[in-house]
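Only one chain is given next, in structure tokens, and it is the form predicted on its own.
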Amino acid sequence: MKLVVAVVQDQDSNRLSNALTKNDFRATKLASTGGFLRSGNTTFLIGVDDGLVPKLMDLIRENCRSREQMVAPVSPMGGNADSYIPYPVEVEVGGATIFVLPIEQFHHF
């Protein structure tokens, strides 16, 4: 048994949630915020048998694609402004950050 923790951009959240439900994966969704861009994310907690981890990874990969996006950087507060870039920059967003953790026991009541 594994616990898969998948952090995805909010833009991919509904698509992934629908795909998980369609493929009989149960998941808990938590709202989260990314540190770098301070943008909304969704964190999925998914308990899954060891043999289904590859199928789940494929499903996440298919529904959470990275893409380029223009963002306006946040101005530094009290820090060194020498390296601050005051105009929008293109960064890669989306995709998924996934952690697969071993589970010693699982109980469902």
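Note that residue numbering follows the sequence shown and begins at 1. Note that the structure is predicted; figures quoted are calculated from it, not measured.
The form predicted in complex with another copy of the chain exists for this protein as well; it is not shown, and the discussion that follows is about that form.
Contact between residue 29 and another copy of the chain in the predicted complex is found at the 4.5 Å heavy atom cutoff. Mapping the unseen interface onto this chain, residue 101 counts among the residues with a heavy atom inside 4.5 Å of another copy of the chain in the predicted complex. Not displayed here, another copy of the chain is approached by residue 61 to within 4.5 Å at the level of heavy atoms in the predicted complex. Remark: residue 96 counts among the residues lining another copy of the chain in the predicted complex, judged by a heavy atom distance of 4.5 Å or less.
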